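Shown below, as structure tokens, is a lone chain in the form predicted alone; questions about how it binds or moves come after it.
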Amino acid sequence: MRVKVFKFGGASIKDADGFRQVGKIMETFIEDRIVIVVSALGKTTNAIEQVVNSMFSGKADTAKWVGQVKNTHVQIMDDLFAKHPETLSKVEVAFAQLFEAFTDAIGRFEGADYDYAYDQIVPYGELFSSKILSHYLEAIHVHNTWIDIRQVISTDMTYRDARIMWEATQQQVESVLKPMIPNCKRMVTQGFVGRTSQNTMTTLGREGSDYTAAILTYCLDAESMHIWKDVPGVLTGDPRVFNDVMLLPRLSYKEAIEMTYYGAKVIHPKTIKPIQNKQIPLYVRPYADPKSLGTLISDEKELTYPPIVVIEPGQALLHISTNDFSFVAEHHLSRIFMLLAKYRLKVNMMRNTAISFSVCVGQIEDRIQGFVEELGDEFKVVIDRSLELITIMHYNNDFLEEMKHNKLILFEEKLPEIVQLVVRNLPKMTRKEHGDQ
């Protein structure tokens, strides 16, 4: 008895109307068995991160951020259940219990290791939103069962970027989820969240709810996976940046993996591999139009694609050289890569010369600081910040030159199908007006 896996992100449920639209989508799939994976409400993860940051910085505004998290959810509940007073009382009780656990966690983990404390507090955003959605679906007679994903997804103890323990997760899917399928057509659970063998919470990295859906799709041998977005599907560029973007109705797994690897935000980078391993189709669909299939990602033979642009802002270029002007030799590179792995700095581009090694990474300041400090006095590090990494797949020369306009190119790598540029945007030059003085 096969199921579909649906994932709804924070943008889909940023307000009460978003929850109502999810309800409409579920009503159009009333005959299907569906596992629903939901993210935190739009901007809630950011607000809870502010709670954690306030705790660790000693600021006095922790209560303000906690209050904002609570008020956002209460306002949505009041709006959503205005016509369902009997359900409102139930969801208020469920929310109050979770919120009490949330505030208790804030007190218990203050002063702990930051990454550990983060993972014991931030996942409550997904717990809040999934409880609200489950109760709302019940109110509109879309019967469902709320599942605590912490009873299913097992991870290691790499807090804020946990790795899946596949064997244990598969066993828990077999014992917890699969027995429920014959008698339960709808399950509502959380993305982004896992649990260690020591019963502590972990997170799978920002935007990790896509990955949760892919894990469940794989372990359940699902019929298909559907990511519902606020865009028509996978596009050739970010519509907030480019005017003339095109919908890609079909993508191969290979092309999708390349796009997510280079920073395309429409799908989490780890999403494709589990479903590709079992040849399960993935649809990226517009939640505003449930009848549209959006983009189908499957085991297509390689297709012909137009130029596809992925822009990754917030990059830093680290220029590393030895202080004694000696060659950057193999043992130097070994130490550098060991520390890049230790501080979880993903290498987006790199280049070495005789006496220097340059690497482009995401500008995560605390990780960069730890990396530089541990390199020690043997190395000199110069950092260029606030850069963009532009990846152009299936480029042509005219398109490439257009993308370079008004940009300072710090780094360029060109392959037959892909060009990558690390750039700094230049201020636009305007003609100076002269008077008749």
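These figures come from a predicted structure and were not determined experimentally. Sequential numbering from 1, following the sequence displayed.
Keep in mind that the form predicted in complex with aspartic acid is not shown, yet the notes after this line are about it.
Only one segment in the set 147-155, 207-215, 324-332, 362-370 has residues whose heavy atoms sit within 4.5 Å of aspartic acid in the model of the complex; it is 207-215. For A40, a non-hydrogen atom is located within 4.5 Å of aspartic acid in the model of the complex, even though that partner is not displayed. Although the partner is absent here, T45 sits close enough that one of its heavy atoms falls within 4.5 Å of aspartic acid in the model of the complex. Aspartic acid is not drawn, but in the model of the complex it has no heavy atom within 4.5 Å of D119.
Although the partner is absent here, Y136 lies well away from aspartic acid in the model of the complex, with no heavy atom inside 4.5 Å.
Scanning 105-144 for heavy atoms within 4.5 Å of aspartic acid in the model of the complex gives just one residue, E126.
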